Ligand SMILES: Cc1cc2nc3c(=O)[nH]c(=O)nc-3n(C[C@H](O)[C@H](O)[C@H](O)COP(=O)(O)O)c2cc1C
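Consider the single chain below, provided in structure tokens and representing the form predicted alone.
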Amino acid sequence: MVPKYCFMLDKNSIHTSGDARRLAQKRLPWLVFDYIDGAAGEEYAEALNRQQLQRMQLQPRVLNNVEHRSLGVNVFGQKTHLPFGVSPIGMCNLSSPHADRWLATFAAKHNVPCGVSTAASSSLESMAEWSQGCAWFQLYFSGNEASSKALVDRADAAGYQTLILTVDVPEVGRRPRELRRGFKMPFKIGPSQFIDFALHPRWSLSTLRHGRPELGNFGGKYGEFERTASRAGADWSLLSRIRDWWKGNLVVKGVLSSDDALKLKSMGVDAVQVSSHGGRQLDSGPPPIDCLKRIREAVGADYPLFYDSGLRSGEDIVKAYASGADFVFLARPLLYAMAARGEQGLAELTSVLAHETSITLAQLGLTDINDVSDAVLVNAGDQ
């Protein structure tokens, strides 16, 4: 007879990104989960990108002595301890109070970049302090150039070395799941939201105790931020002016076109971040993992390319490096983990992802993440 304890499972453990998502869905109000988890339209683009990542095959190799492996990467002269960083996340503390701070301290511990959104829950100054210099400030052009310049100047005064300009939100994409829930910031509480919060007391009581999430870079003398405001006036001349304002590293995020990447390179942008905004903008857009390979071919081997969108495992991370990324960033999986188990959940999931990446290198006969190339992909030309 098999002992009963063999069938006992710890349903609260995080062994995959899927575990973190399942726990987050259980613990977050529907309003908040659908805001974090949702994408544009019918969510076809996000699913297609995941399918493309899943269908990519890696070629195992044997007898290469892979006992000692390295996951560190040089990013703008900074040697990271892990091959992934934190993508900018707006209103991050919706997942759990102090989420912004946890991400910043995670970045400091592992010496990885931590993107700080214009719409972060904590001020850019606080994030710079908590991250011990690992923070990169992400700018949404507000439509008001003077306001955007003021944010850039604040980032400079706070000691930021890298500015990320996000360019794929000329208008905020229509995300039906959050629209159906009536998601707004600040929250507008109606009967359905009241019931939602009442049915998720753990999140609601914690939020009441710590205070509702706010936008850390706005209010008072800094004015207000409207997340649905049009940014359609941004153009190449604006980019040129931002390049003049900012003397540090300039990254442009949200690029899926090889032609755009080449023009950005010619205008002195220091790196391009290939991203579909997690499928939250255009439901008919191409899978960004496919765009990454095409953009790498266009800009050449030495130009810095970063990547985010759809990464959920260590094997996914290796596939992104094999497709041309010099570094990758995560967002949703980290939010799931913090919603599920707080700072401990973040530590658990990031440890899982690092371990998976290391194991994948071993299976491929490699000892260094920097040695990953398209040679590890099966039928790379057909991917």
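One-based numbering along the sequence shown. Since the model is a prediction, treat every value here as computed from it, not as a measurement.
We do not show the form predicted together with the ligand, though everything after this point is about it.
Inset, instruction - Considering the ligand in the model of the complex, find the one stretch among 256 to 264, 133 to 141, 240 to 248, 200 to 208 with heavy atoms no farther than 4.5 Å from it. - result: That would be stretch 133 to 141.
Legend entry - Three-residue site Pro83, Ala107 and Gly314 fully in contact with the ligand in the model of the complex at 4.5 Å by heavy atom: Zero of three within 4.5 Å in the model of the complex.
Legend entry - Selected contact from Gly173, Pro287, Pro213, Gly90, since only one has a non-hydrogen atom within 4.5 angstroms of the ligand in the model of the complex: The option sitting close enough to the partner is Gly90.
Inset, instruction - Using heavy atoms only and a 4.5 Å cut-off, determine which of Ala322, Leu31, Leu330, Ala40 is in contact with the ligand in the model of the complex. - result: It is Leu330 that has a heavy atom within 4.5 Å of the partner.
Inset, instruction - Consider Leu335 of the chain shown here, and say whether it contacts the ligand in the model of the complex, taking contact as heavy atoms within 4.5 Å. - result: So Leu335 counts as contacting the ligand.
Inset, instruction - Decide whether Ser275 counts as a contact residue for the ligand in the model of the complex under a heavy atom distance cut-off of 4.5 Å. - result: Yes, Ser275 is a contact residue.
Legend entry - Interface membership of Asp100, the ligand in the model of the complex, 4.5 Å heavy atom rule: No.
Inset, instruction - Examine Arg280 and determine whether its closest non-hydrogen atom to the ligand in the model of the complex is within 4.5 angstroms. - result: Arg280: contacts the ligand in the model of the complex.
Legend entry - Stretch 108 to 128: residues contacting the ligand in the model of the complex, 4.5 Å heavy atom cut-off: Result: Ser117 alone.
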